[in-house]
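A single chain, nothing else alongside it, follows as structure tokens in the form predicted on its own.
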Amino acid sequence: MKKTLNRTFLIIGVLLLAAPLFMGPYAQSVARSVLMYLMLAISWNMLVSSGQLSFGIAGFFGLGGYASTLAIVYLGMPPILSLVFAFILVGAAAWLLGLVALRLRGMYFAISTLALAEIFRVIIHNWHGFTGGPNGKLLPKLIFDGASVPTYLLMAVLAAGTIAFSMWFRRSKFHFAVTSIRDNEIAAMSTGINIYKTLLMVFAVTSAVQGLVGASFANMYGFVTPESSFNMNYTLLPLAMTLLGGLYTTWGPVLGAVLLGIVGEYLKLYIPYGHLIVYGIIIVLVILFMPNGIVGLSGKLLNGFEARKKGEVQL
């Protein structure tokens, strides 16, 4: 059943990645946005798999955007290399911050990550000489000179790599260690798992992915500001997408990002200042009536269908 479901989602995913190449610039722009949120959702879901709830996505997203932009402006770094630089810098920053933050658990850890995001924003907002303060920084030019197809292909490659990494992660021994920590830390510790180092590794890698997405966003749009780069949308929307698609899966965040990304683009046209209310309603409804998300519901229905089929064969 799981293999059938995975193959179905894989085929759909390949078709969705290829489809925008045959559409216009607007469709490719929407697709880039969807892929951006898809990567944020997958990275957040990987951290949540360890039982650690983070509200700091926007913080690492913005930090990655500024790291890439400032590296290009002050060091003359090529745009592609600046993405790698942002990935490494944000990962290292998350590792250092995690040395302290991961001493906390549950809601205390969640609040600390939210505070970190705000601290990043305040520092960058007030560091006028280096970061440009509230006005931000402009890039000398857009990545690939702003060409629609190459920038979409870049995001598609990064998204495919993120999905592949998540699939590998779910099949690895590391995932079993993370899951055991989520279920029972004492039992995990008794089996020889180093809880602190495992959580630190997951936190650093997922934060680095978020920084890479922020760097890609900055290079595609050519600017960073504290308000736009550290916007809470980059935290709230990946959460809603993951909950809608299904927690603790690879394809749940993918499906949620595609659905809410497209619906969100439609809502912005008609209720530009109220679409976040719709996201909030979706989160409440999913938690109440579909706690395992669409992927979980699909698996449940498929299991029921196969059970009925076997019963008919036996009769």
Partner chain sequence: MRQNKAVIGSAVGFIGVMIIILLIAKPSALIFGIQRAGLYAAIALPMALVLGIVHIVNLAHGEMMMIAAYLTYSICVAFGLDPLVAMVPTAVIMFFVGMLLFRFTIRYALKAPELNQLILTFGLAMVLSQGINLLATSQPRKLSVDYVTSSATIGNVSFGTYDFIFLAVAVIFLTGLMLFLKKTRLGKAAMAVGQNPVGAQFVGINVISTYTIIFAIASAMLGIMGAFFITKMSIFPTVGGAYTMKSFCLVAMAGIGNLPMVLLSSLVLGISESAVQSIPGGTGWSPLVFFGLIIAVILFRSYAKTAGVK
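Worth saying up front: this structure is predicted, and the values here are computed from it rather than measured. Residue numbers count along the first chain shown, from 1. For clarity, a rigid core is taken as the largest C-alpha set superposing within 1.5 Å between two forms.
Only in words, not in the display: the form predicted in complex with the partner chain, which the text now covers.
You can rule out all but one of 72 to 80, 241 to 249, 204 to 212, 87 to 95: in the model of the complex, only 241 to 249 has residues with a heavy atom within 4.5 Å of the partner chain.
This chain is displayed alone, yet in the model of the complex one of 200, 236, 160, 153 has a heavy atom within 4.5 Å of the partner chain; that residue is 236. With a 4.5 Å cutoff on heavy atoms, residue 116 counts as touching the partner chain in the model of the complex. Taking the partner from elsewhere, residue 47 is found to have every heavy atom lying beyond 4.5 Å of the partner chain in the model of the complex.
Although the partner is absent here, residue 164 sits far enough away that none of its heavy atoms falls within 4.5 Å of the partner chain in the model of the complex. Although the partner is absent here, residue 130 lies well away from the partner chain in the model of the complex, with no heavy atom inside 4.5 Å.
Taking the partner chain as positioned in the model of the complex, the residues of 95 to 125 that bring a heavy atom within 4.5 Å of it are, in sequence order, 100, 103, 104, 107, 108, 111, 112, 114, 115, 116, 118, 119, 122, 123. When the rigid core is held fixed, the Cα atom of residue 283 travels 2 angstroms or more between the shown form and the other one.
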